[in-house]
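Starting off, we have a lone chain in the form predicted alone, written out as structure tokens.
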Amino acid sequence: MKLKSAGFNREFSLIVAIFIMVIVFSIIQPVYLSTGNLLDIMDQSVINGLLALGITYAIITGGIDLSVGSIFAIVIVVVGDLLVRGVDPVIAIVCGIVLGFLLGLFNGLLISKLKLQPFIATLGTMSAYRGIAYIITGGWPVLDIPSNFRSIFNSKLFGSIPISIFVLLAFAVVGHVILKYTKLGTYIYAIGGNEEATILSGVNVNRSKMLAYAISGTGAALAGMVLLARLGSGEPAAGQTYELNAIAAAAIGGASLAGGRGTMIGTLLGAILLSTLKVGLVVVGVDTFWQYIATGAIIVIAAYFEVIQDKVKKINFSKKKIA
């Protein structure tokens, strides 16, 4: 209840929803509640969670980033190629993060300086970045990723917890701190809430937007390297349609596509909820095709929940005004 009273109504609702899902699936199939399965749910949340946390920044500004799946692919093939050429894994990881940041920054440049609509700008880079990934490898996958790189993300701490889960949590914490306790975070919310007023107040809107998209690219880069370590090969076709799952997680977590609203905690819980649902449906033996329908239904329900919350707030505001 403390979480609820602190203003985290959406996050509190998501925790309750995840808790209910776990109970229902555990009743149907008791193995669902095992420690190994719960860790698997968290592990399955990592890639989508990293993508969703990054894209939440773009969404809060009132924009969107459709290119995260293609940035994901470029980072995979570039980092994979560096590793195969004998580059130190730590240097390759830094290069991957910088590459994701710069590709995201370019998206922000198109949107802020050239005044392109975020949907159009990132739709264009989604295609261009994908093409670059294919050109780099000639369409072939990068194979034989060194084990010393793979062990960085695949090793386990405290016995059985994959390091990639800590990468996800660390990115969420850093993202939360930036959004809540820095001027950049304040400006990003302000841009999404009322961009014209933010410009008139003297804020460098262009720089804030560029950094928001750069953070989105950074999340995609981290997600790409996690997948590269898991598979041991880098496919230029990797990450296609991943942007849809990332947007879904952010929307379920309370990020408003109109801008000005969204949190890292909510998006993280949104990604975990999606994994909880997908793993649950697999464990109880539901056909894969039904997972798409269930995911779509959850997104619609989450969006409608947002509408209900807004109506309740307006009613409460009217009552207070009358009183």
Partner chain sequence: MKKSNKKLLVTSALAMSLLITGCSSSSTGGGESSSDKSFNPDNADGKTYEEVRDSLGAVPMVSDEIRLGGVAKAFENEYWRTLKEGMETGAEKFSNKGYNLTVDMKSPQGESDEEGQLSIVKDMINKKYTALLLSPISDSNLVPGVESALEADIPVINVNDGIIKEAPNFVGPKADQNGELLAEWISEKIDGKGKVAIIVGMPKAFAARQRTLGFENWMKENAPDIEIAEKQNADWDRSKAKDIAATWIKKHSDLDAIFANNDTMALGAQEAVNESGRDILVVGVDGIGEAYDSIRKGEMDATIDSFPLYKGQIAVEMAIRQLGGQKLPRVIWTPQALIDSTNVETSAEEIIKWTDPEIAK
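Residue numbers count along the first chain shown, from 1. Fair warning: this is a prediction, and the values are worked out from it, not measured in the lab.
There is another form of the same protein, the form predicted together with its partner chain; it is not shown, and what comes next is about it.
No residue in the set V90, Q117 and M210 has a non-hydrogen atom no more than 4.5 Å from its partner chain in the predicted complex.
When its partner chain is considered in the predicted complex, only one residue from V98, A197, L231, V84 comes within 4.5 Å through any heavy atom, namely L231. Of the heavy atoms in M264, none are within 4.5 Å of its partner chain in the predicted complex. Under a 4.5 angstroms non-hydrogen atom cutoff, its partner chain in the predicted complex lacks A121 among its neighbouring residues. At the 4.5 Å threshold, heavy atoms of H176 stay clear of its partner chain in the predicted complex, well away from it. Contact check for G138: a heavy atom falls within 4.5 Å of its partner chain in the predicted complex.
Only one of 248-256, 199-207, 180-188, 138-146 places residue heavy atoms within 4.5 angstroms of its partner chain in the predicted complex, namely 138-146.
With contact defined as any non-hydrogen atom lying within 4.5 angstroms of its partner chain in the predicted complex, the contacting residues in 9-24 are N9, F12, S13, V16, I20, V24, given in sequence order.
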